[in-house]
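Here you get one chain, nothing else, as C-alpha cells; it is the form predicted alone.
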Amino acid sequence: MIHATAAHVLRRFVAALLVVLSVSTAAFVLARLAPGDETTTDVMEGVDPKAIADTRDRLGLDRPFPVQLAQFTWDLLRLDLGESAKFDRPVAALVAERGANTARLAFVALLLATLIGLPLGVVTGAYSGTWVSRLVSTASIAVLACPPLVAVLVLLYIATTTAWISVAPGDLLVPALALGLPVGAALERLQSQATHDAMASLDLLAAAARGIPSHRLVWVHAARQSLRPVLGVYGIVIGSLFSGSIAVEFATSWPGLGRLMLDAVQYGDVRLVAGCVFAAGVCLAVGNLVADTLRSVVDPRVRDLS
C-alpha cells in the first residue's frame, strides 16, 4: 500500500510540475503578445529615447520573440523569475512577499469554508426534507450565486454601518469571509449530495439494520464515505480562492498576489505577470496534489484509476 501510494503521489507530482511550467509559459506568451511592453509608459511620458533604448536592451525587449521565450523558459527551469520592470526588484522576492499574504488569506478563507460547509452539508444530506435542510440549502444557493466582489461590498457596508466587523488595514475577517462564504456554500452543496448518496448505500443500510446508532451512521460512516468526492474538488477550490482574491484584495486593500498581478498587468510587466501566474499555479498544483493524496488514503481505489 505504501509503495502504491508513493507511486501515485509521484505521478501526480510530475503532472503538477508540467502544469505549472505550462501555465507560466502561456502567461508569458500571452502577456508578451499583448499591445505594449514595459517601456510603453515611459514613451507616453516622454522619457528620453536613449533611456528607453537602454531599458529595452536591459530587459531583452529588442531580441526576437522566440529568443525571449527560450530565455524565459530556461530561467523558469532554473527557478529564476527575473526582474520586475515596475518595481525594479527580483520577481521572486515580490511574489514571495505578496504570495505569503494571499496564502494567509486563502488559508483562513478555506478553513472557514471547511468548518462551515462540511458539517452543514452532512446535516442537509442526512436529514433532507426538514426545515433546517431547506433553510440551509436556500441560503447556500443564494451565497453561491453571489460573486466575491459583491460579497465583499456587502460585508464592507455591514462593517461600516454596524461596526460589528473591523475594516482596519491588515484585518483578515472581511476578505476571508468574502472569499470563504461562497466556497463554503459550494462545499455544503457537494457534501450534502455526497452524504445523501452515502446514506442510501447498501453498506450503511446494512449497518443500520445491525443496530448502529443513527448519529454514528451519519457522523462517522456516512461522513467518511462522502468525503471521497468532496476531497477531489479541493484543488479546484484552492484555485478559485486565488482567482477570486484579485477583486477582494483590490476592494479591501489587502497587499496580496491579486493586487500585485493587477499592477503587473496594468504596467505591462511581463516577467511579473508570469511570476504571479507561476505562484498561483504552484498553489493550485500543491492543492491538487494534497487532495489526490488524501483521496488515495481515504479510498485506495483512486490509485488504481490513475
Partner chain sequence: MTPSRMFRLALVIALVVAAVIFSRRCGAPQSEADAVPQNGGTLVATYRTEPTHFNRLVEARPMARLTALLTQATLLRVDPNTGALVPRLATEWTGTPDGLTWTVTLRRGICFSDGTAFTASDVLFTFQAIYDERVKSPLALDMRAKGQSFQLRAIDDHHIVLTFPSPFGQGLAILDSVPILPRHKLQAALDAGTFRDAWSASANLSDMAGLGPFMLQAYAPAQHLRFVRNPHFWRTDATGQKLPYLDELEVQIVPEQNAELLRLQSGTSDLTNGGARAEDLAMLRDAETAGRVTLVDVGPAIDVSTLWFNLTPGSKAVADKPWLAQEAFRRAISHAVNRQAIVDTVHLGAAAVVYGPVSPGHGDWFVPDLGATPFDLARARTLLTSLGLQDRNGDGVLDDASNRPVEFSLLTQSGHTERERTSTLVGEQLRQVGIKVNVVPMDQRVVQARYASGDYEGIYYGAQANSKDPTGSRAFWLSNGPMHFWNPNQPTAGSEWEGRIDALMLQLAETMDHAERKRQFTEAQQLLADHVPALWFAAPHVSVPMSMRVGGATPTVIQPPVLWNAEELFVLGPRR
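Under this definition, the rigid core comprises the largest set of C-alpha atoms superposing within 1.5 Å between the forms. Note that the coordinates shown come from a computational prediction; the quantities given were computed from them, not determined experimentally. Numbering follows the first chain given and starts at 1.
If you look for the form predicted together with its partner chain, you will not find it shown, but the lines that follow are about it.
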* Asked: How about residue 213: is it within 4.5 Å of its partner chain in the predicted complex, going by heavy atoms?
  -> no
* Asked: Does its partner chain come within 4.5 Å of any heavy atom of residue 160 in the predicted complex?
  -> yes
* If you check in the predicted complex, is residue 281 within 4.5 Å of its partner chain, heavy atoms only? -> no
* **Partner contact for residue 197 in the predicted complex: its partner chain, 4.5 angstroms, heavy atom** => no
* From the list 141, 167, 205, 132, which entry has a heavy atom within 4.5 Å of its partner chain in the predicted complex? -> 167
* Asked: With the partner removed from view, which of 177-185, 152-160, 197-205, 224-232 is the stretch that lies within 4.5 Å of its partner chain in the predicted complex, judged by heavy atom distances?
  -> 152-160
* Heavy atom within 4.5 Å of its partner chain in the predicted complex - qualifying residues of 34-49 -> 35, 36, 37, 40, 41, 42, 43, 44, 45, 46, 47, 48, 49
* Asked: Is the C-alpha displacement of residue 44 equal to or greater than 2 Å between this form and the one not shown once the rigid core has been superposed?
  -> yes
* Asked: So, does residue 53 move by 2 Å or more at the CA between this form and the one not shown, with the core held fixed?
  -> yes
